[in-house]
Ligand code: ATR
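Only one chain is shown below, in structure tokens, and it's the form predicted alone.
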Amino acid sequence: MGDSRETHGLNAFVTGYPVKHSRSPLIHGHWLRTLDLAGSYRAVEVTPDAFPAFIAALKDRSSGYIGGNVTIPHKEIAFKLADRPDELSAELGASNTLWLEDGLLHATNTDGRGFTSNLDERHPGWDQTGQAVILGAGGASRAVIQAVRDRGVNEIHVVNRTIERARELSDRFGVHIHAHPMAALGEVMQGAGLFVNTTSLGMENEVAPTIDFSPLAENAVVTDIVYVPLKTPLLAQAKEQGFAIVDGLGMLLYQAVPGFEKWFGKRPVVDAALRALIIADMDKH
């Protein structure tokens, strides 16, 4: 494990506002049970105004927590308040995973690793392409752009309704990132081996546009970071058109792994049982 921490009585959290719909407690609770660890992981709703005080209590150890996950809308301020954010967090300007180590609050962002690990599991070889198309330029797209770039894909086209948002990301992430308006989607898809939807199109009654995926490379993979529904309208379209698809659930599961290991000292496994547990919960709601 590398240090002398006891795994009994360690407590971690997920915080956001709101946070009641988070499935992180289900994920980490499953791992605590299967690894027979006595720690806890719970959802803690914290308003933006109260968040600095929450982090202060974490730092001085009065909160009783050793670390946790941070979700919307606290990721940017978590990065700013951490003592030791890593390079991934620094480039993104946002952190989703916090832990205490050597008296300091460390921070990282595991969203990108979650994204690539999901693709590695569900469609190995996805990164053997020189060109990717990422639909959307919101906060969710940042970690995806960073991760795809860091895996060596050297031409990444970000397509967004407002091109200014896409340009901000091309400025942030470097020369491999190119910004385009929606009208250019068909053109920039030509020969691409990866298509990623980072928007909410098709989620919760949002109408999904009809997309012709035929310009993509024949062996291209289409993925969506949305996982409710598991097969989003865009994934359904891509499958009907004969393309390999990867749903977004694994991104949620894999992004949770590094934090658990930091807090509880054991590396958990993303397996079929965990996936089935989360899908069963999704079916209830």
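A quick note: this is a predicted structure, and the numbers were derived from the prediction, not measured. Start at 1 with the first residue shown and count on from there.
Note that the form predicted together with the named molecule isn't included here; everything after this is about it.
> Just one of 193, 85, 112, 136 has a heavy atom within 4.5 angstroms of the named molecule in the model of the complex, so which one?
Residue within 4.5 Å of the partner: 136.
> Which residue, 162, 210, 154, 214, is the contact with the named molecule in the model of the complex, using a 4.5 Å heavy atom cutoff?
That would be 162.
> Considering only heavy atoms, tell me if residue 77 and the named molecule come within 4.5 Å of each other in the model of the complex.
Contact with the named molecule, no.
> Given that the partner is absent here, does residue 100 sit within 4.5 Å of the named molecule in the model of the complex, heavy atoms only?
No, no contact at 4.5 Å.
> Indicate whether the named molecule has at least one heavy atom within 4.5 Å of a heavy atom of residue 71 in the model of the complex.
Contact with the named molecule, no.
> Is there a heavy atom of residue 184 lying 4.5 Å or less from a heavy atom of the named molecule in the model of the complex?
Result no; residue 184 lies far from the named molecule in the model of the complex.
> So which of 91 to 99, 137 to 145, 116 to 124, 170 to 178 is the stretch with heavy atoms within 4.5 Å of the named molecule in the model of the complex?
Of the options given, it is 137 to 145.
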